[in-house]
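Heads up, the chain below is alone and in the form predicted on its own; it's given as structure tokens.
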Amino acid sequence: MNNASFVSHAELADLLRRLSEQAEVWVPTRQAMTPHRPMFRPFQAGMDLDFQPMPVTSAKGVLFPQGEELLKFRKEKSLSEATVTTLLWEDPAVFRPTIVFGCRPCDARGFLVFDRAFLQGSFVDPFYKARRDKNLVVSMVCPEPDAACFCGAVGSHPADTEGSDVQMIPVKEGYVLHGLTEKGQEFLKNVENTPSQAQQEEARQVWTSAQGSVDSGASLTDDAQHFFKRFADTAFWRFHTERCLSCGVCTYLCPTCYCFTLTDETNGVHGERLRSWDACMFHHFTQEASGHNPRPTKAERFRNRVGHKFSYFPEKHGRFACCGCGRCLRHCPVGMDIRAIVRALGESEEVHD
């Protein structure tokens, strides 16, 4: 690999400090509320950085905030004409450059699903685009995939570079960094140390070992093709989703889920239009004004979740809307396993109510 740089463990905090003078740098860090699992937070000096375990949350909030203001409005009432006029205006938003530093390759690939949804359709989301244009992704080769990881089943592996601008490979004395894109190579000017031959060889071995550390032979592609065969099998979906709580944690933690809702919050004649994360696993997500709900039960909502990720999205965009990070398994309070449901699609089991 070319265009390599090296940063030692001792130099990492100073690198992040210098980067944070140019951009908002999001790093995985442990805090009092998450002592066992890191979460992504903007870098601050003295943070307890931890790149080893999978962070609880993905970094999608950097480009797609959990809540954001889209525009402001003001209502004006004309007493003479008995009419109410709504005036809209948008404050020119200023988006600071951001760096996602040390995410997993699966999280980096998750941004590609967002790109398809927000940048490549008939309409471009200006808020997402403004953030994406000023964003750089530094992913780290996944050192220890756990039993919930299944990136290999969705066409990836723990050393994948897709979606990353820079790849960092952990070695004994620090990290070897490789620039993968033009932005990534520009980034490496911040790290001028060239890795030694021994460090490059160690990095190569780490990369090769990581690439093969997750079974890629159990692809979900063949199983997912049976989705429409099971679509109307109500008993199948009820059986496999019976214990689901519809809590929505799977969608909130998922690096590829992008459902949102819009609300107008008013204070007198002034108001704001807000965009907030939502979840297709919630009953009210598809509740219509008439009271009708096309997905009234959790079985139908979970069927839609499986269909979107493994059938509808791949048919339209050519890739799964799932990066195999395993957060939906790892943090589900009742142990729902979307892999098992997809694999069951093609099985010959008969389920009866």
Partner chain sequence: MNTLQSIVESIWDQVDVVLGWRVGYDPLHPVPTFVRDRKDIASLIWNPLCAPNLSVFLAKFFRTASQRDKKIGILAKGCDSRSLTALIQEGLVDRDRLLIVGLTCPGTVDPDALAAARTQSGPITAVAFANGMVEITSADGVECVPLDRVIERRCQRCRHAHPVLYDVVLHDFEPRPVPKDPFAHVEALENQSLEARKAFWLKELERCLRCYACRNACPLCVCQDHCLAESRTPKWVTQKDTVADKFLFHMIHTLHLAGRCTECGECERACPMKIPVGLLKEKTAQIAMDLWHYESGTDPGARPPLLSYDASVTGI
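Residue numbers count along the first chain shown, from 1. Model, not experiment: these values are computed from the prediction.
Separately, the form predicted together with the partner chain exists; it is not shown, and the next lines address it.
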_Quick one: Leu88, Tyr128 and Tyr258 and the partner chain in the model of the complex, is every residue within 4.5 Å by at least one heavy atom?_
no
_The unique member of Thr263, Gln197, Thr194, Thr208 whose heavy atoms fall within 4.5 Å of the partner chain in the model of the complex_ = Thr263
*Using heavy atoms only and a 4.5 Å cut-off, determine which of Ala148, Leu188, Cys280, Ala218 is in contact with the partner chain in the model of the complex.*
Ala148
*asked:* Only one of these stretches, 56-64, 303-311, 316-324, 43-51, has heavy atoms within 4.5 Å of the partner chain in the model of the complex; which one is it?
replied: 56-64
*Closest heavy atom of Val269 to the partner chain in the model of the complex, within 4.5 Å or not?*
no
*Should Leu329 be counted as a contact of the partner chain in the model of the complex, where contact means heavy atoms within 4.5 Å?*
yes
*Could you tell me if Glu24 has a non-hydrogen atom within 4.5 Å of the partner chain in the model of the complex?*
no
*Spell out, yes or no, whether the shortest heavy atom distance between Asp222 and the partner chain in the model of the complex is within 4.5 Å.*
no
_Neighbours of the partner chain in the model of the complex among 24-58 [non-hydrogen atom within 4.5 angstroms]_ = Gln31, Met33, Thr34, His36, Arg37, Met39, Arg41, Val56, Thr57
